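Quick setup: one chain, the form predicted on its own, written in structure tokens, and binding and motion questions come after.
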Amino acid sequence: MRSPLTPEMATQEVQLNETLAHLKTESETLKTKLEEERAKLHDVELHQVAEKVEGLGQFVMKTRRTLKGHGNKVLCMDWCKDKRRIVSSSQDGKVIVWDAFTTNKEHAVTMPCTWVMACAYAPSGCAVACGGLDNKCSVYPLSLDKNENLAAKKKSVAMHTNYLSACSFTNSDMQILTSSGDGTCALWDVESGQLLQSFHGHAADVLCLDLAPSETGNTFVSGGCDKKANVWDMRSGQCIQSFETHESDINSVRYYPSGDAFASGSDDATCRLYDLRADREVAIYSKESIIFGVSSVDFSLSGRLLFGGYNDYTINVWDVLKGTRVSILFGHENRVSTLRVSPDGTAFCTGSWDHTLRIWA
């Protein structure tokens, strides 16, 4: 039996609701003030500053290799630091390690689940991490023995309460950063599987993350279904910057090579560039003719080009400074789901729902 509602309790409830309403209005006011301060800094567009910069000529980039072997949609891929090997994961539950030169498959693992949405190569090149609808991130050590059963050496590192959307090793094989559909990111110790730090701040699924280039310290950026891109301090677990200018889910985020900016790609059919020092969006890469979402973005090694993989099966190449499209690449027969530039910048790889990966140069 519930106790009767006393007048004191009723007043308490009213007061509580009033406090909540007051705090809500206060946070809205602060938000508006912040936006006003940001707007004051917004004095000039990036393409105006870059007017004097010489334009880029025409590009000839072609498919140089096609990697066939997945039985379903390719969802994620990552390069090894050796600039030659690639790991890819797919909806068929398979994770394959390829030699991108010879197109040979060096290792294959069948995961216990389908939709392996995330995979990453360890910095040493001696292990790969992957996960997806199993809500876990598993690490597989790779050995030189081609016939060895990798699944037997599998180590479950991370546990989320919803699907794993992305994973990345930090600067060593010992720690791994994950993002998940449960709205959080987390840092884990690979050996013990211990949770080192968790990152709360997204209001919906986190879809992507990228670590800052090592010189710039311990930060990473994440993007999600709440249309926000958040920059985090790995040591404190605090969100230190947040950007909300996209009009739909953010599918991909990638740091500019210097670490002073990052790009994002979204279902709103635009890529955007955010300057961390100016604390604002400085460029939008879009055209009226582009109406399909961007699944994946990456920079060239110099940072002058931004590659975007789109859901209309194309890859658009943007001039980062001028904001113009310098090339459009065709080849895939279904949406491009993942795109990464190789560590030496000489090529880039795309994965697609057409079950293949392509190496472009």
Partner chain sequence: MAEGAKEPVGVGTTDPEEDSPNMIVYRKIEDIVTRIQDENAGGVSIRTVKSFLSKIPSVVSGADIVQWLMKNLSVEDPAEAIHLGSLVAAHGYIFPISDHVLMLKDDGTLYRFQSPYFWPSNCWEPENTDYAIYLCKRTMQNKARLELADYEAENLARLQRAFARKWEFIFMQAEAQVKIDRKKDKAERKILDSQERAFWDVHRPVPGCVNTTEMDIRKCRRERNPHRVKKSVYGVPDDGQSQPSPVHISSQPTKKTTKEDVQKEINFLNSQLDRHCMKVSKVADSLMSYTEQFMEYDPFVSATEPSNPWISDDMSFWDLEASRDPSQQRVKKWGFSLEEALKDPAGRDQFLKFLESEFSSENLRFWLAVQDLKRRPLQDVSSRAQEIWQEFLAEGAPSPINLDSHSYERTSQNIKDPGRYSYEDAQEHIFKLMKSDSYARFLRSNIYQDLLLARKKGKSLTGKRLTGLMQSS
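Only the largest set of C-alpha atoms that superpose within 1.5 Å between the two forms is called the rigid core. All values reported here derive from a predicted model rather than from experimental measurement. Numbering follows the first chain given and starts at 1.
Although not depicted, the form predicted together with the partner chain is the subject of the following passage.
Peer 1: Going by a heavy atom distance of 4.5 Å, is residue 207 a contact of the partner chain in the model of the complex?
Peer 2: Yes - in the model of the complex, heavy atoms of residue 207 and the partner chain come within 4.5 Å of each other.
Peer 1: Any chance residue 218 has a heavy atom within 4.5 Å of the partner chain in the model of the complex?
Peer 2: Contact check for residue 218: yes, within 4.5 Å of the partner chain in the model of the complex.
Peer 1: Counting only non-hydrogen atoms and a 4.5 angstroms cut-off, does residue 89 reach the partner chain in the model of the complex?
Peer 2: Judged by the heavy-atom cut-off of 4.5 Å, residue 89 is well away from the partner chain in the model of the complex.
Peer 1: At the 4.5 Å heavy atom threshold, is residue 105 in contact with the partner chain in the model of the complex?
Peer 2: Close contact is absent here: in the model of the complex, residue 105 is far from the partner chain, nothing within 4.5 Å, heavy atoms only.
Peer 1: Exactly one residue in 157, 269, 186, 111 has a non-hydrogen atom within 4.5 Å of the partner chain in the model of the complex; which is it?
Peer 2: Comparing distances to the partner chain in the model of the complex, the residue within 4.5 Å is 269.
Peer 1: Even though the chain is shown alone, can you say which residues of 307 to 326 have a heavy atom within 4.5 Å of the partner chain in the model of the complex?
Peer 2: If the 4.5 Å heavy-atom criterion is applied to the partner chain in the model of the complex, 307 to 326 yields 307, 312, 313, 314, 321, 325.
Peer 1: Aligning on the core only, does the CA of residue 12 end up 2 angstroms or more away between this form and the one not shown?
Peer 2: The answer is yes; the displacement is at least 2 Å.
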